[in-house]
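Next up: a single chain in structure tokens, the form predicted on its own.
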Amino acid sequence: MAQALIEVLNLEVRYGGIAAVRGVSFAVEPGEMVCVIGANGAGKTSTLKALARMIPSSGEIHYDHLRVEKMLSHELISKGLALVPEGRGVFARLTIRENLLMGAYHRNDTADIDADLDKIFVMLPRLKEREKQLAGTLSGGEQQMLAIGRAIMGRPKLLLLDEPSMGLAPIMVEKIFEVIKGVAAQGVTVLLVEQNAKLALEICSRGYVMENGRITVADTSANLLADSRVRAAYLGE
């Protein structure tokens, strides 16, 4: 593998006596779209939270030539690592515009922030139509778009996405995945955690299967889609 943008070595996450992530190692190259699939409770969300330094972990996390496992979340955001959390996490009592600007809170390049805001509104016209509306009044799909837009306002090199399709109607899931592909087309590296294994594997180049806190299979998306074990366990076939 070429020089990875992020490389994780022997990552472990524990909640008291429970090991949620057990010695996980993987890497993502610049410009890649990579997914992590698995059942509920497999450790996928804990892995992303550990990468974003939202929860304690052990092991090594190498990001963009830096050891970052002891950094704080806000330090990583300023270095281009952004997380779109499970459940969206929008600021319900702020407007769409205010939510988006929160994604750029660490920046002081006002003119470029305004330009990026305009780009978000072009990419996500539904948000432009509602920019003065409170985020808490949006539908689930609109909130997911907003959460992605907020992350993009930070100009990330690496975008971590945690279950972006969760709880959404199929037509909205389709739109969200189109947005994700559009973000990746702009050169942003994407690490996607997703229960909808088929959709995730269809848009990503490689995938990891996570079970009981461990990575059990790693392969190209094409091979995983053709793997009888993966098809039976995660594709309902």
Partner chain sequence: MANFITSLDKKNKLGLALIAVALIVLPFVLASAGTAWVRILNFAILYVFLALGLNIVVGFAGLLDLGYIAFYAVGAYVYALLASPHFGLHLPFWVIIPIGAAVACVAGMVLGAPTLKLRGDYLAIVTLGFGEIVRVFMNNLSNPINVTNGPKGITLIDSFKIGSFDLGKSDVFGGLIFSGPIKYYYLLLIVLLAVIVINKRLQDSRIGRAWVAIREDEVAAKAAGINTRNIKLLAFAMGASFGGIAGGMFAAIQGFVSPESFVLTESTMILAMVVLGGMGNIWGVIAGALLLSFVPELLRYTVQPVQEALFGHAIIEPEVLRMLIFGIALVLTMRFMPAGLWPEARHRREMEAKREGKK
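Positions refer to the first chain, counted from 1. These numbers come from a predicted model, not from an experiment.
In what follows, reference is made to the form predicted in complex with the partner chain, a form of this protein that is not presented.
- Of the stretches 163-171, 119-127, 90-98, 138-146, only 90-98 has residues with a heavy atom within 4.5 Å of the partner chain in the predicted bound form.
- This chain is displayed alone, yet in the predicted bound form one of Met54, Ile203, Val68, Ile176 has a heavy atom within 4.5 Å of the partner chain; that residue is Met54.
- Proximity of Ile77, Pro85 and Tyr105 to the partner chain in the predicted bound form is complete: all three residues have a non-hydrogen atom within 4.5 angstroms.
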